[in-house]
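What follows is one chain in structure tokens, specifically the form predicted on its own.
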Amino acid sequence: MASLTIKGLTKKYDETIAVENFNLEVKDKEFLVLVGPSGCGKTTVLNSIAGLININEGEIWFGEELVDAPQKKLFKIPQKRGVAMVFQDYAIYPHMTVYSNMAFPLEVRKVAPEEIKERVIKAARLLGIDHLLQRKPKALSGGQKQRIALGRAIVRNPKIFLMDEPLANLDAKLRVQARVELKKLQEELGVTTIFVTHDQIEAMTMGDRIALMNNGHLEQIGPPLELYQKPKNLFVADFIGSPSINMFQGNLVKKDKSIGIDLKFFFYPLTTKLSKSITDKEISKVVVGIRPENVLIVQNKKDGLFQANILRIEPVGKEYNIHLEVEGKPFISIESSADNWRQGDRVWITFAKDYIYIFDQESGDIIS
């Protein structure tokens, strides 16, 4: 097994920069999820690790071994890097049995038949498909085909697993089951894994850490709850979380000898410490972020509240997404019950005070 270190990776396609000065450290046996919107550079990073593309700048290390460094004219071919990839398209050979599909990468490497049999049967048992070894893929379900693709990777005893949206072709119920099984499997095997997805729910539920990318750059890396609770900027706050964080633009103003944020529909006063921090940075325009579970609908009017209209009540199982609007601005509250409200009601709203984020509107960086 091996850790992974990427230093200053840059990849260009003609004049287009896909990834720029990308740095990443993945610990041995860690399950790291690389997440971000489509086109942000996730797959480029994965293919660079695998050696499927030539990078323009930077270094890639597997443990203490340097496998890619264009400035040093060093490039280790994919077959010798000890990585195994699982793709969104499982690339299973339809004319081969399950056994033959799993054995194929070992046969290409001229592994002894006895060892091939031992590895295939062991991997098939681990994945619960040992009873399917003599079947053809056309007779199998999507979940079973996904296990074949995983088995074909496992039999190679790789140093690193690289997975490019391997659950994307499964239906919703199977995806939930597959997330649990894949995470458990990785823990049992103890193989360092980089898992690429644009689905932030997969990222939150599977990753030991999440590396969030945007426009070829790394925005933030850390445990899932750290990105959710302590986002470094507007992009991270907006991308992580479902439903997304509510955002309100405002201006810093003085009112009754105190400094606060004018949101047009509401004046949010700042603590003395926070107001000094913001004024010292000479920031005037900000964005207030509040997650839906911290937007509170209250029964009676009192100080520190504002009114909003209920646009729609959306049941989502044990909770309700309450879609609201204030002065043309839509936002969402998550409530455990909606018995007291109806679409079209005008209600009083407050924000949970300890869960408000304030961002610099110009740079997007978090202030508080």
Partner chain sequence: MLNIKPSRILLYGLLIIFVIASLLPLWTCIVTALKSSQEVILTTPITPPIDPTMEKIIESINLLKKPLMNSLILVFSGVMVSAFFGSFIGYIFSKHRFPGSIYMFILIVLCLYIPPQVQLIPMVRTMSNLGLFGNLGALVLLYMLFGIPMCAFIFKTFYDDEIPDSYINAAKVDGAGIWTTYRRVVLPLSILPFVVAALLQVVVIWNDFIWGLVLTSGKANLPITVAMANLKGSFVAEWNLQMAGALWVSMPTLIIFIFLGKYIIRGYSGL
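These numbers come from a predicted model, not from an experiment. Residue numbers count along the first chain shown, from 1.
Although not depicted, the form predicted together with the partner chain is the subject of the following passage.
Q: Given that the partner chain is left out here, which of 184, 109, 273, 72 has a heavy atom within 4.5 Å of it in the predicted bound form?
A: Comparing distances to the partner chain in the predicted bound form, the residue within 4.5 Å is 109.
Q: Between 128, 243, 223, 78, only one gets a heavy atom within 4.5 angstroms of the partner chain in the predicted bound form; which residue is that?
A: Answer to the contact question: 78.
Q: Could you tell me if residue 180 has a non-hydrogen atom within 4.5 Å of the partner chain in the predicted bound form?
A: Because no heavy atom of residue 180 falls inside 4.5 Å of the partner chain in the predicted bound form, the answer is no.
Q: Is the gap between residue 267 and the partner chain in the predicted bound form 4.5 Å or less for some heavy atom pair?
A: Taking the distances in the predicted bound form, the answer for residue 267 is no, it never comes within 4.5 Å of the partner chain.
Q: Taking any heavy atom pair closer than or equal to 4.5 Å as contact, tell me whether residue 147 reaches the partner chain in the predicted bound form.
A: Contact with the partner chain, no.
Q: Report whether the minimum heavy atom distance between residue 50 and the partner chain in the predicted bound form is within 4.5 Å.
A: Heavy-atom contact with the partner chain at 4.5 Å: present for residue 50.
Q: Can you tell me which of 82-90, 212-220, 171-179, 189-197 lies within 4.5 Å of the partner chain in the predicted bound form, counting heavy atoms only?
A: Going through the listed ranges, the match is 82-90.
Q: Just to make sure I understand: among 95-115, which residues lie within 4.5 Å of the partner chain in the predicted bound form, judging by heavy atoms?
A: Contacts from 95-115: 95, 96, 104, 105, 107, 108, 109.
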